[in-house]
Every structure is written in C-alpha cells, then in structure tokens.
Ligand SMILES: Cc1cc2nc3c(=O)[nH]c(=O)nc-3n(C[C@H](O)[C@H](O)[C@H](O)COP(=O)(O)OP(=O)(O)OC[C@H]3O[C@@H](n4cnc5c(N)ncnc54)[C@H](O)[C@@H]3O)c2cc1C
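Single chain ahead, by itself, as structure tokens, in the form predicted alone.
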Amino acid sequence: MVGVVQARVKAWADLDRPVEWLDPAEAAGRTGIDIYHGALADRSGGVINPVAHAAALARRAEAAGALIHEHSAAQSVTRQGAGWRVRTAKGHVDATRVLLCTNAHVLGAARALGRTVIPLNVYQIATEPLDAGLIARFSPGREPVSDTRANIFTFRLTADNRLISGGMAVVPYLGAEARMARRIAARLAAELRLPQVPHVDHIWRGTAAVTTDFLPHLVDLGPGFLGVTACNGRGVAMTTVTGEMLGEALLMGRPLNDLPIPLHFPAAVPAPFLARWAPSIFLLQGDRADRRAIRQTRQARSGANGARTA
C-alpha cells in the first residue's frame, strides 16, 4: 500500500498539485498516530461543515432561479410526449430533461438508481469538545486525517474542538447506532492515545452507494433522463464537482460521451440481498488483515529500536 500512495503523490505532483510524501516520523508528528509507514499530505485540502455547505449550495441555486421543493418525494418518472413527468404525492412536474441524484435510496423514483449499487451503512459521531492542549498534542496543525485500512480510520476537528469520526458496522442492525457510538469513541481514544474515551454528544447514520468498480456512474435512463450515483463514500467533494459538471452538460448541450464520468446503462446488482452483506464480509476480512499488519509493524519497529539501543 505504501507504493500505491507514493505513486499517487507522484501522479498528483505531476499535475502541479500541492502534495507531498511524509515519512513515518512526519506522519506521526502530524496525525498523532505511530503505525503509518508514511502519508500523502495535500496542502489544498481542508474541512467543511457539510450541512452548511449543502445549505449554501441551495441558496446559490435559488438565487440563480431554481425552485427547491422539500418534503415532496418523487414517486415515479414516466415518459410524457417528448419529455418526462415526475410525479409526487402533491402533484407533478413536466420537464424536457431530468437528472436523478438519489444515490443509494431505493423507494419511488430512486429505485432506478438504487438497484444498481450496493448500499453501505456508515456511522458518524461527534464527541464532546476536547481540551485545546490535548488537541495540540495529537493534531498540532488541526489537519483532517483518513487512512487506507479496510474499516477506514478518519478524524477531523470542528471549530469548537469536537472530534468527528466514523466507521462501518459488521451487523448494521440491532441497535447498531449505540453500539457504533461506543466503538468509534473507543477507537479514537486508542488510536490517538487519549487519556480517556471521549463522551459522544451526537451520532448519525448515512447510506453510501458503492459500485463493484468503486467508481461513480452516470446512468442513461432514457432520452434526456440521466442518473448519477456511487460516490463510494466521497460524496461531499464528488457531488459538488459532479453537479456543476452535469448541470453545465444538460443546460449547454455538452456531449455526454465527453464527460470524465463514463456513461452506463442501468444494470441491477445481482442477488441484492446477498450484495447487502458484501461490505460486512469485506470488513471482517479487512479488519483481520489490518490487525495483522499493525502488529507486524509495531514488532518490527520495536525490534529496530532494541537493536539501536543495544
């Protein structure tokens, strides 16, 4: 995996992006975590409040003339003359072009896209505010962190010093939210060597759409009817860029084959019930491999330190 990340650093650097490779000591100093063999640092990155971001986009859209109808789920999209009719419980909208952006949802009109992806339940927590001195120890630059483990470890800080982190549940049912809140908080304490497990003030769940090739899909649902899905867990950044790109393509008549996202025709995921459990199987296998790799890394470093001391 080190080689993969280093290759990514080179690829981005070749495109004149402000990225750099951090050696193990630099990675530990900037993340508070001592198991990494290195890290990619991107100086153009940062953190945002995703809810505030969505609200700001909505205000910009309304200022440009868009109409936003909340609590008005699209129940169906059917052919109507040369265009399409989108039906809701309260009425309908006729349009020449329709863009469906429902990601992993499967009810009503969303089924056209939802059946083409594997749903992945992701849990997020926000801790109580932490002491500024403690934060300076493990995150002196207040930089967001994510790694390459199967059950990816991430954290970022809010303006009021809360830690935001998340994870996936092997069994995403049967009281998973309370169980995951405890597990994610305990993982934060262990990874960042906190003096105690932080109290969890908030927990929430979202459903990510995953494809078998781990790439976003632009789906042709009919003449002038497109769907876009499968950010594969990278929705905040991906949807912002994709929305702008697709809006321009539909309004300006840009050929869809020229877009950076390849055009697909809708294909349902086979055996959807079994597919829902695929992430759990992947997570179990990945967790085992990650624990083994971490144990070997710590043993190797302990042996090296012992040899130097001798």
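This is a predicted model, so every value here is computed, not measured. Residue indices: 1-based, along the sequence shown.
We do not show the form predicted together with the ligand, though everything after this point is about it.
Asker: Is Arg183 close to the ligand in the predicted bound form, meaning a heavy atom pair under 4.5 Å apart or at it?
Answerer: Flag for Arg183 set to no.
Asker: Counting only non-hydrogen atoms and a 4.5 angstroms cut-off, does Leu107 reach the ligand in the predicted bound form?
Answerer: Leu107: contacts the ligand in the predicted bound form.
Asker: Just checking whether Ala74 would be counted as a contact of the ligand in the predicted bound form - the rule being heavy atoms within 4.5 angstroms.
Answerer: Yes, Ala74 sits close enough to the ligand in the predicted bound form that at least one of its heavy atoms falls within 4.5 Å.
Asker: Check Pro129 for me: does it contact the ligand in the predicted bound form (non-hydrogen atoms, 4.5 angstroms)?
Answerer: Output for Pro129 is no: heavy atoms all beyond 4.5 Å of the ligand.
Asker: Have a look at 253-261, 25-33, 277-285, 66-74 and name the one stretch with heavy atoms inside 4.5 Å of the ligand in the predicted bound form.
Answerer: Every other range fails; the passing one is 66-74.
Asker: Please pick, from Gly233, Pro216, Pro119, Pro172, the one residue with any non-hydrogen atom lying within 4.5 angstroms of the ligand in the predicted bound form.
Answerer: The residue in contact is Gly233.
Asker: Which listed residue (Cys101, Ala150, Ala189, Ile135) meets the criterion of a heavy atom within 4.5 Å of the ligand in the predicted bound form?
Answerer: Only one option qualifies, and that one is Cys101.
Asker: Looking at the ligand in the predicted bound form, which residues in 189-205 have at least one heavy atom within 4.5 Å of it?
Answerer: Only Trp204 sits within 4.5 Å of the partner.
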